[in-house]
Structure formats: structure tokens, C-alpha cells
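Quick setup: the C-alpha cells below cover two forms of a single protein chain, split into structure 1 and structure 2.
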Structure 1
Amino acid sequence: MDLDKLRKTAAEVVAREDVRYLLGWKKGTFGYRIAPGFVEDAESAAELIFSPLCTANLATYLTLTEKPPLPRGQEPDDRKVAVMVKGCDSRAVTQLLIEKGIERESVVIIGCPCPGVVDHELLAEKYPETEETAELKWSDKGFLLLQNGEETEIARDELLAEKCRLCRYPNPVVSDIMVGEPVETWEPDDDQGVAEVEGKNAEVRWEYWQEQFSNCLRCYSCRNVCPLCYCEDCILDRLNPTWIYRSVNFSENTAFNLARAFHLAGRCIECGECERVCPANIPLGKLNRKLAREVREKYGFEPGVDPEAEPFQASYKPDDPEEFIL
């Protein structure tokens, strides 16, 4: 990835009069961290990076912007928002377009073909983080780690994130401007995580999820980080009726996690953010990927690919499978 080109493109976009700010990745405050950057002028575009550390899905911020009431006489700022997207992130943008969560005219999409990002936890485990900000680059063999003046070659398989092993869309499916050449797609792995759970019998599965959900802290980071969880009035926040009690115990946690997974059926674009941010390390990706696979195989629908498609849960086909119906 040619960073100069990326920054130049970003600077040009931000300089446009109809663009309010640009969402990109910048170096974090220490170690391998990456912080989402809100770039408002061409100068700050020089801080932007794109590396195997850039796991964050910035499409989240398209719907996260708050719109508090404006003082009388003040006009809302309706300028466009530019957003840098990887393959998976672009699917989130497309899915938002499908659901009419955003308008096509309101965004400038800068596509960044992505050869696959790393699993941060694995990286920090194998190559301990230090207080210095480190750099990671794509290389021929996989990744090149630049830390405290030392260079380390790391094989791609060693650190590649699970979602990237399963990725089928490394190149952005929608974009206004592409930075760099499209990458060669790879054969996705079989989803062993889901298959492993499916292989167990029902009781063992229930126990497995019981253990996982019991750890849930209900911090809602999975919901908030998800680019497709953007309801202004979330059912989990409602008090009347209280569908899911606020108390944290296995029953409510299960209801919460199932409701969250269910609301993403046919919408989840498998960017893996929920699983990455979970402080209790609950394998949320497995729930989402299981449903995504069912939707793909049974209903032939793939979210976030065709902006003209009808949303999965708000459409039907007369010949949808119904072998489960009595």
C-alpha cells in the first residue's frame, strides 16, 4: 500500500468544499493500537495510515453521528462524509445503502483493497506490545513488523485474523475512489469455529454458550461498534416494555446476545468488530457467521453486496424454504 498516494488522495478529498470530514485510520497512542481519525483539513491527512493493524470498521461512524437539536436559525451541516473502507467495511456501507440507513450522495467512499488484517490479540501475545507505537506492513511473506528499530518478518498464516481467513470480498464492493490496485482474492477457509460448535450435541452446545454468555458484562460495545446496529431507539434500551431486563445473569445475557445476533441475521457483513471489541472475549462472530451462512445457503442472499437488493428480513420469496413448518 502506497501511503503517499493514500494521503494525497485523502487530502484532495478533504479539500473539496462538499466534504465535511474524512474518516481514516491513524496511529494510536501506544503499541499496535490504531485510532479512528477524523480528518478535517488537508494537513492532517498526513497522519493517515493503512496497514494490517487497521481492523476498525469506520463505516460505524456514518450512523453514529449524533444530531442534537440545533439552536434556532442554525442550519445543519449536510456536507458529505468521506470514509476509507476495506473490503468488509465497504459491504457495511452497501448494506447501509440497502437499508436506506444512509444516502449514496451523503458519502464519499475511498476504497482500500485489503490483503488481510491481523488478529490484534494474537499479535500482542506473540510479539509483546511496548509503549512505543509500532508499525506493521504487508510484505511478500506476510507481514513485516517494525518495532523499536527492529524488523521482524512474520508469516501471513501466523497472524491473519479469523475473519480474513474466511473473507470473500477483500476488494471494496463499492467505492468512488480506489487507492491502489485490487488484491488477488484467496480461497476462504472452511469455517471451523462454527463447524466445531455444530459438531457437538445440543446439551454440550448449550453448556458452551451458557459459559460464554455468563461472562457478558452487558457493556454493549458489540452493539455500539457494529456498523449495522444503528437504531435510534434500541429495543435493549427500552423500559416499557422491558424486553430484556437490565440485571446481568445468564438468562438475560442469553436473551440479549440472541436478540443481537438475530437482529443481524441477513445483515451482518462479517467484519468481526463485535468479537474484537468484546472485553469478555465472547465468540460473537460464530453466532453471526452461522446465521450468515444459513442466509446464504438457504435463501441465496448475501448482505452488503448489491446496493439494489431488498433487505433480507423485510422481503420474501414465495418459495422460501419451509421444511421446518408443520
Structure 2
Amino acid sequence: MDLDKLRKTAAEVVAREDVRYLLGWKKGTFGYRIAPGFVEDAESAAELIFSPLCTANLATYLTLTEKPPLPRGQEPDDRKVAVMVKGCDSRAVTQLLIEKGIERESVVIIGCPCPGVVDHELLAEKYPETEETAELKWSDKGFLLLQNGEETEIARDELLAEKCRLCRYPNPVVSDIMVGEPVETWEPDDDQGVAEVEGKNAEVRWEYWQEQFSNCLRCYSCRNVCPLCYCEDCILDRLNPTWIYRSVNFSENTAFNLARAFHLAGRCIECGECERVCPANIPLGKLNRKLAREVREKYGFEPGVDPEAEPFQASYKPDDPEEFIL
């Protein structure tokens, strides 16, 4: 990725009168930290980066912009929001467009072809981070780590994030501006995480998820980071009627996690953000990818790929053979 070209493109975009600001990635304050950045002028665009450390899906911020009603005397700012997207991020934007969560004319999409990002926890485990900010770049062999004045070549398979091992769309599926050349796609790995759980009998699977959901803190980080959990009035928060009690126990935790998983069926774009931010390390990706695979294989539907598609749960095919239904 040519950072000079990226920053020049970003500066040109934010200079437009019809653009409010741009969402991108910036260096954090220490180590391998990367922070979402809001760029409002050309000068700030010089701080933007795109590297294997840019794991966060910025599409989640698109539904958090100001909405009416506004404070008295304040007029709504209806200018566009620009956003940098990787392949998986672009699928989230596309799915939001399909569901009318955002309008196409309200967003400028800057596509960033992605060779794959790293697993931050794995990176810190193998190459402990220090207070000094570090850089990670893509290289011919995989990744190049620049830390404390030293360069370290790292094989791609050593640190590649699970979501990237399984990725089918490393290049943005929709964009207004593409920065960089499309990357060569790769054959996705078999989903060993899902296969591992599927290989257990029902009783053992139940014990497995009982152990996982019992650790849930109900902090709602998974819901808050998910770009497709954008309802202003979440049914899981309602008290009248009460669907899920506030108690943090296995029963209520299970109800919360399963309800969220089924709400994402045919909508999850497998960006892995829910699992990345979970402080209890619950393997939410396995659950969501299982449902995504069922929808893909049984119904031939893949969310976030075609902006002209209908939402999965709102579509109907009269010639559906339904061969898998007993």
C-alpha cells in the first residue's frame, strides 16, 4: 500500500464540500495499538495509515453519526461520510446498504485491498510489545515488524488472523475510490473451529457452550462493535416486555448470545469483530460462522456481496426445492 497515495486521496476527499469527515486508521499511543481516526481536514489526513495492524471494522461507525432529533436551533449535517474499508469491511457497508441502514448517497467508500491482517494477541505473545509504537508492514514473505529500531521478517502463516485464513473477499466488493491494486485471492482454509464443535455429540456440545456462555460478562462489547447490530431500540434491552433479564448467569447469557446469533443469520459478514473484542474470549466466531455457512450452503445466499440483493430473511424463491427440510 502506497501511504502517500492513500493520504493524498484522503486529503482530496475531505476537502470536498459535500464530505463531512473521513473514517480511517491512525497509530495508537503505544505498541501495536491502532485507533480509529476521524479526519476533518487535509492536514489530519497525513496521520492515516493502512497496515496489517488495522483489524478494526470501521463500518460500525456509519450508523452512529448524528440523527434527529437534534438540539434546538441545530441543523442536521447531511454531508457525506467517507470511510476506508478492507474486503470484509466493505461487505458490512454493502449489507447496510441492502438493509437501508445507510443510504448510498450518504457515504464515500475508499477501498483498500487487503493481503490479510494479524491476530493482535498472537503478535503480542510471540513478539512482546513495548511502550514505543511499532510498525508492521506487508512483505514478500508475510510481514515485516519494525520495533525498537530493529526489523524482523515474520512468515504470513505465523500471525495471520483467523478471519483472514477463511476470507473469500480480500478485495472490497464495493467502492467509490480504490487505493492500490487488487490483491491476489487465496484459497480459504477449512473452518477447523466450526468443524471441531460439529464433531462433538449434542451432549458434549452443550457442555462446551455452557462453559463458554457461563464466562459471558454481558458487557455487550460484541453487540456494540458489530456493524450489523445497529438497531436504536435493541429488543434485548427491552424491559416491557422483558425478553432477557439483566441477571448475569448461564441461562440469561445463553439467551442473549443465541438471540444475537440468530439475528445475524444471513447478515453476518464474518469480520470477526465480536470475538476480537470479547474480554471473556468466547469463540463467538464459531457460532456466527456456523450459521453463515448454513445460509450459504442451504440457501445459496451470501450477505454483503451484492448491493442490489434483497435481505436474506425478506427474500422468497417459489422454486426453492427445500430438499434439506424434513
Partner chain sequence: MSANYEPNIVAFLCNWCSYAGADLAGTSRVQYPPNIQVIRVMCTGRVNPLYVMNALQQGADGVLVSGCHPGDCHYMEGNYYARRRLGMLKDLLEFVGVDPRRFHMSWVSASEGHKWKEVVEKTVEDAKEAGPFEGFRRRQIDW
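By rigid core we mean the largest C-alpha set that fits within 1.5 Å across both forms. Everything quoted here is computed from the prediction, not taken from an experiment. Along the sequence of structure 1, residues get numbers from 1 upward.
> Looking at both forms of the chain, which one is the form predicted alone?
Structure 2 is the one predicted alone.
> Relative to the superposed core, report the C-alpha shift of P318 between the two structures in angstrom.
Rounded to one decimal, the shift is 2.9 Å.
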